[in-house]
Ligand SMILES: CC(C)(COP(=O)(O)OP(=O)(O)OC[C@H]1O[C@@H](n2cnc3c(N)ncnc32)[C@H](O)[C@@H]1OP(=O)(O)O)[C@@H](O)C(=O)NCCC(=O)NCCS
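Just the one chain here, laid out as structure tokens, in the form predicted alone.
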Amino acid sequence: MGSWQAAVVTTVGDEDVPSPLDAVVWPRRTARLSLRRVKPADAEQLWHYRRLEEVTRWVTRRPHDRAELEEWLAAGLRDQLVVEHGGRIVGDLMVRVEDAWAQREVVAQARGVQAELGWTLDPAVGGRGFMSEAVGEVLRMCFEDLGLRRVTANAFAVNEASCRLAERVGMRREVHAVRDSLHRDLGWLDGVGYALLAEEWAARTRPAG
């Protein structure tokens, strides 16, 4: 299972500004999992699977050693979550709250209204539905707790496992761009973009009857 590419449009944030995730009560629990903010001490468990070629093939950054992973981890504390099962980290998630594109006159209304997601799973626990369960809970958090209007995710089109996951959790494929994404080994590849709106989430989760 691979991770997603960087967003095409992101907010350049000030690390001193509180993260929207600070307002969320942690940990968040599902039937089998616990989700929480990442911390520097997680580096050892993350390195266990983040160094594997089958994982690094699709992630935005390939750590060359554990020290580099620790540097990345320290810089990414604001947006990164870990997924635990039975007290062990089995994956990690990025939740980057960002601004939507807007014309100048209405730019204030577009600040912090959407999020980009990214995910990485330990291959040792693949096929058990852990990441679908975790991403489903993150979508719930984005729409119901943070009140966001839109959640997105982007990938290489050939990263079929992550594309299937996005579709399993109800995200729409709304972009297929031809050879717009540069892979470190494979060259220029097609990129795809998925999204889900708050009203789509509400319609899916509304009680029947």
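Bear in mind that the values here come from a model prediction, so they are computed numbers and not experimental data. In this text, residue numbers run from 1 along the sequence as written.
Keep in mind the form predicted in complex with the named molecule is missing from the figure; the text below concerns it.
task: Specify the contacting stretch among 139 to 147, 64 to 72, 172 to 180, 47 to 55, defined as having any heavy atom within 4.5 Å of the named molecule in the predicted bound form.
output: The contacting stretch here is 47 to 55.
query: Is there a heavy atom of G127 lying 4.5 Å or less from a heavy atom of the named molecule in the predicted bound form?
result: Yes, contact at 4.5 Å.
message: M131 versus the named molecule, in the predicted bound form: is there a non-hydrogen atom within 4.5 Å?
response: Yes, M131 lies within 4.5 Å of the named molecule in the predicted bound form.
- prompt: At the 4.5 Å heavy atom threshold, is T120 in contact with the named molecule in the predicted bound form?
  reply: Result yes; T120 sits at the interface with the named molecule in the predicted bound form.
query: Should L165 be counted as a contact of the named molecule in the predicted bound form, where contact means heavy atoms within 4.5 Å?
result: The answer is yes: L165 has a heavy atom within 4.5 Å of the named molecule.
message: Suppose contact means any heavy atom within 4.5 Å; which members of 24 to 48 contact the named molecule in the predicted bound form?
response: Only R32 sits within 4.5 Å of the partner.
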